[in-house]
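Take a look at this one chain, the form predicted on its own, written out in structure tokens.
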């Protein structure tokens, strides 16, 4: 996962939301303690920082939130864990990091605490797929769900209507529509995705690949260059060459999101976390014409809705008292009342059924039914959740971009990637 455009509006109201939390403030067993939290710079991060002040008021625990870029966060927390330097007590954790962290024992398994506090935390209100996707590996919960995202399709309702097209029910229809809706003479493009070398293009191609039935790891071995995967990358390259805006091969998440909000692109698969911005006139030109729907899959395939987002984990090296305080914070920030407060601060990051059916949030976010459908039938494994995921992503980040810019054919790029990936299995 990667940062999305931040919506800072509303943060000033954090201290005035006025929720009564008498239960949290009746006792303060950790009064005076300070916890350090490393958070990725994403849509929920400013709200997390703003609410830390309220947590301090209620519990006496100061939480210092250090907001970092995706790569910087991964490097800092991994270095902290490997070196046992105890720099952070808590860290937000990308869903694909959990297997590596679980096998290395970097973070505290939360299973026993979750069993003990299940009723208090109303865990049955959280979508089950989010426990799997955002921190579970082989039954060990090494991070607690903090921010769930659904892979969705953003599209332009007005362009579809003008072309007498229906929103795509299959990936084949999506590809065909992308070409039909491309009109370069009028600076209109039917498709946009991340093309930038590295995690950006690797992650976007992986979600496209999953929706056409491709598999990257099978029976414990990499399968990067299967015929289906090569065909998928060939179609993907052609979309970039014939239906994407100029320069898209160099764009990451921010670039492609900006292109959709500016009205340049007609279709964009994306994470739901950025969707609020499409309906914000301060940053979008498509507030009246943007639509959101569940992602299509290939003709004949069972729908496969990708699930991503972030968990929050406790450093295994810190002492027991700090672990207990860190768990107190996790319980608090993911509680029904406080998580709604986080989303009132534009987090666009959801966990609970009660949130997605909350009248106030539905007025603020006019697309929660799409996320509900995605979470209810979501697939936690649409990207391979294996300990070697970071290496696979790095390898594909080069291979996919090489194909997109024409430096290698899709077959050659994936063959080279397969050779590299085999070294890690």
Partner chain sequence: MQRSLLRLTSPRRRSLFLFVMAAPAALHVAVFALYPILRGVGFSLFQMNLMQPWLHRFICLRNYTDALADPEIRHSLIVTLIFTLGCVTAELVLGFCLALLLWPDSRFNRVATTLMLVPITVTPIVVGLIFRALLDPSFGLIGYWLVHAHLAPPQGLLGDTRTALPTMMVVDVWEWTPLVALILLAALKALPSDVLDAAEIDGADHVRRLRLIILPMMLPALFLVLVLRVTDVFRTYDIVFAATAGGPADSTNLLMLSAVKQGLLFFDIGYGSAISILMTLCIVLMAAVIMLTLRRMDRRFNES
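Numbering follows the first chain given and starts at 1. Computed from a prediction, not measured in an experiment: that's the story for all the values here.
Here the subject shifts to the form predicted in complex with the partner chain, a form of this protein not shown in this document.
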Non-hydrogen atom contact residue 398 with the partner chain in the predicted bound form at 4.5 angstroms:
yes
Is residue 264 a contact residue for the partner chain in the predicted bound form, using a 4.5 Å heavy atom cut-off?
yes
Give a yes/no on whether residue 103 approaches the partner chain to within 4.5 Å in the predicted bound form, heavy atoms considered.
yes
Would residue 295 sit within 4.5 Å of the partner chain in the predicted bound form, counting heavy atoms only?
no
Exactly one listed stretch (241-249, 296-304, 123-131, 211-219) reaches within 4.5 angstroms of the partner chain in the predicted bound form by non-hydrogen atoms, and it is 241-249
Exactly one of 173, 114, 258, 340 has a non-hydrogen atom within 4.5 Å of the partner chain in the predicted bound form; which residue is it?
258
Residue among 373, 391, 66, 381 with a heavy atom within 4.5 Å of the partner chain in the predicted bound form
391
Heavy atom contacts to the partner chain in the predicted bound form at 4.5 Å, residues of 67-99 in sequence order:
74, 75, 78, 82
